[in-house]
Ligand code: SAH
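To begin, one chain is listed below as structure tokens, in the form predicted alone.
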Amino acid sequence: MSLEKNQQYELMMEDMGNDGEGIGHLDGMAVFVKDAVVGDVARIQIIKVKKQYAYGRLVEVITPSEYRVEPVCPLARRCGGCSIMQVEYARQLQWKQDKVMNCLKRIGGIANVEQKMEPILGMELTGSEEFPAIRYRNKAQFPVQRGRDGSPVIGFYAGRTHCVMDTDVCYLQDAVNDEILRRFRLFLQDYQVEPYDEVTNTGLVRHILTRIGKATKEVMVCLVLNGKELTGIVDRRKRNVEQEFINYMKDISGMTSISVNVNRERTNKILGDTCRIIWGRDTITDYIGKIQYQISPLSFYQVNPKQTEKLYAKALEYADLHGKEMVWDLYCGIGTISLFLAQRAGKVCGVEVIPAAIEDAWKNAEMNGITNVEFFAGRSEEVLPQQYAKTGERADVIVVDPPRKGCDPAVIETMLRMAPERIVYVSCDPATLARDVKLLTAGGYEVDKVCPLDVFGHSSHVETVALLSNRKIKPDSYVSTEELDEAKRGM
């Protein structure tokens, strides 16, 4: 049979794809079906046909999989955030474990990878008894749009669109957000504050951002505006709109900081460069383990502190520090991993491209009384070679926690020239982890251990910590860019 667009077929789901979609086979072609679960027998409609694969839409589940569950959120299927909430949590963990292992095997070319893999560290089942692993996030960014009837729509984007779904509750977010959204919706309606229109770049309120100190219960609210000031119809009554917004929010339990951020650019970037505090403190405080952190609206901070503590503990375990080591922490953010490492290292040097994050890192070090750290603002691919050329001081251990795109080739090359005894790679994307691991192994390292962690339950994302050990290559053993390019071509 030949697959045809818009035709319906009955399909058995045999596997899960990279984004958690179900995969079945028709006419020898793989068919990817969003919202389907491995083990489902489903009726699907073909929506796109390629040469070697096709995409289908789930029409009906004929026989549900043993792994299928009813999502706690009624918007889960439409929302772009909880892509696998319909999959039993234990099966989510197995899929993420397999995803990391397959990337390291297929892309990284790592032999005997099964023997190097530790069991995935899942979330404590701290949600409701009926549904696990919810209410774990400490940060939310709710876009605001004007609805068809002119009233504000607040929530999250529907999957693969920029249409906001009106949302009262997000079950991944802390429950205090439910009350924040309720009051915010009333405020916009009562004072007729204009929602943002991204097509025309008009309107005022673009997003409402919240942060929660999970350990301290401190709450932050930041309004992102397409203008310098919060205004509305009440201006004509000579009343201060910002003060009215404060009055709506300030008595919410834990409220600590209320601010305004200005972003007038036509961009998908949520936050502008400057924030103005209109009530309370300019930061909230939270803990990961025993380390205290101050968090501003612009700070990068992991969204799941309980799992982050496990992540950092695993990185610290792999670093195997004994009190004298020189450690470099690349892509260090506000110094979260750096301060963890400094508890057992001789000295830690952190590098981060965002100057405000480096300012926060210094403040966090001072607040915790940690003095054996130094932070550098700049690109890791520039700072690390410059400092190595300037001082010639090699690292005993290098920890990297790059963005989703992975490490810059210049970072890989410099790490190979510095030849630390151990490289601890913290990754949010197993594909780019595997790519970089292949380059590092080609340059003289060996993968010893790998541990996946579920930091983003009910989504397709997975964090991983990998330990790579030096196979006795000498510092300054030069690995040229040409050799790195050759290794890339071999992938």
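Sequential numbering from 1, following the sequence displayed. Everything quoted here is computed from the prediction, not taken from an experiment.
Although not depicted, the form predicted together with the named molecule is the subject of the following passage.
*Asks:* Out of the stretches listed (207-215, 221-229, 334-342, 263-271), which one is close to the named molecule in the model of the complex, meaning heavy atoms within 4.5 Å?
*Replies:* Of the stretches listed, the one contacting the partner is 334-342.
*Asks:* When the named molecule is placed as it is in the model of the complex, are Y312, I354 and P402 each within 4.5 Å of it, taking any non-hydrogen atom of the residue?
*Replies:* All of them do, each having a heavy atom within 4.5 Å of the partner.
*Asks:* Sort through K250, R379, K105, H162 and report the residue having a heavy atom within 4.5 Å of the named molecule in the model of the complex.
*Replies:* Here the answer is residue option R379.
*Asks:* Quick check on this chain: which one of Q294, Q302, N368, S257 has a heavy atom within 4.5 Å of the named molecule in the model of the complex?
*Replies:* So the residue touching the named molecule in the model of the complex, by this definition, is Q302.
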